[in-house]
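Only one chain is given next, in C-alpha cells, and it is the form predicted alone.
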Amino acid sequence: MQRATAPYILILPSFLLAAAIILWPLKEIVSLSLHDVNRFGMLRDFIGLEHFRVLFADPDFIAATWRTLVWTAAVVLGTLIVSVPIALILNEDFYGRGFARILIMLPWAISLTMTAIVWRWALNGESGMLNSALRGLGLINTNIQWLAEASTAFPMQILIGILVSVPFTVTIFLGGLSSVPDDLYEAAATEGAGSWDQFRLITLPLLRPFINIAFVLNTIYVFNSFPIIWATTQGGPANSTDILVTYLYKVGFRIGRLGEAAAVSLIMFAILLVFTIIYVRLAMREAKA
C-alpha cells in the first residue's frame, strides 16, 4: 500500500504549487470576465457573458482570431519543415559541426524582443538593410514598404517567427536523432536502402515523438507570442496584423476595458486547451495503433 501511494505523495507538493499558480489567476480572470470592471480593476456589477457578446460582435476580434490561427499554423509548420533538414545536416559528422551547431543555437540566446527590433530596422521602407540589399542585387528599383501594408507585413512577421523558432526546434530534433542507433542505418544500407528510404522508414518514424513534442510546444509558444507582432507593427496598419495577444493588450491596457481583455484571455486559454486535448488524444491513439 505504501509503495502504491508513495509516488502520489512525492508529487503532491509540486502539484499543489502548480495548481495555486494556475488556478488562482484563472479564478480572478473568470471573475473579471463576468463583471463590469473599471480601469483600475475594481469589480462592479455582475453582467454575465456580456463581455463575450461584445467581443463576438467586434469584427476586429473575429479578424484577429482567424489571423492568430493562420499565424500559428504557418509559423509552426514552417518551423518543422525547415528544422528537420537542418537537424539532419547537423547530425552528420563533418569538420566544423560543433561551430555550425553553435551558430544555429545563438539566436535562441538573444532576447526575442531585441531580435524583432533588429528586424524592424532591417525592414524599414526607407533605410532598411533588406531594401538596400535587393537594390544592390538589382532585384528592385524602388523601396518596398515592408511593414506599411498587411500584404507584406504579415508574411514577413511569419518569416521572422519561423527563423526565431528554428533553434529551439533543431535542438529537440538533434536530441531525437542522437537516440537513433547507427546499426539500423548500417543494416538498411546492407539491404540496399537509399538515403530517402532510410529517412522515410527509419529516421522519420523514430523522430515522430520528438516532432510531436516540438509541434505542441511551438504551437503554445507561437499562439501566445507577443514581441514579434508588437515590436514590428504594433498590430498595424489599421489593426491588419493584430493577433489575439496584441488585441488583448490594446483592449486591456490602451482602451482600459479589462473585463473584455479577461474574456479574450479565457478564449485563448480555451482554444489552446481544446487543441492540446485533441492532439494528445490523437497522438495516444496513434501510439496504440
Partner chain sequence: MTIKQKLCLLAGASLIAFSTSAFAESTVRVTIAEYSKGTGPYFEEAARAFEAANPDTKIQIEVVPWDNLQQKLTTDISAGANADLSIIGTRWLLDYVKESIVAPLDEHITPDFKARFIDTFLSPSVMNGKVYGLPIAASARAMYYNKDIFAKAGIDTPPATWADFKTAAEKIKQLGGETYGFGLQGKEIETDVYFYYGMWSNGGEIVKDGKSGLDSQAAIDTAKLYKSFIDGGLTQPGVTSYSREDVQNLFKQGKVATVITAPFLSNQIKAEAPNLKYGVAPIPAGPTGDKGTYGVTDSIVLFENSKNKEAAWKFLDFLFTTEQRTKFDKVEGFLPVNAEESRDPYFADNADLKVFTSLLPNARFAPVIPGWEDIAQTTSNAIQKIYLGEGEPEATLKEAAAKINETLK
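Numbering follows the first chain given and starts at 1. Predicted model, so just to flag it, every value in this text is computed and none were measured.
There is another form of the same protein, the form predicted together with its partner chain; it is not shown, and what comes next is about it.
- Stretch-level contact check against its partner chain in the model of the complex with heavy atoms at 4.5 Å: of 88-96, 68-76, 109-117, 137-145, the positive one is 137-145.
- Although the partner is absent from this view, P227 stays clear of its partner chain in the model of the complex, with no non-hydrogen atom inside 4.5 angstroms.
- Contact annotation: H35 falls outside 4.5 Å of its partner chain in the model of the complex, judged by heavy atom distances.
- By the criterion of a heavy atom within 4.5 Å, S127 is counted among the residues contacting its partner chain in the model of the complex.
- Its partner chain in the model of the complex comes within 4.5 Å of no heavy atom belonging to F46.
- In the model of the complex, its partner chain lies within 4.5 angstroms of at least one heavy atom of each of the following residues of 239-263: N239, Y249, K250, F253, R254, I255, R257, L258, in sequence order.
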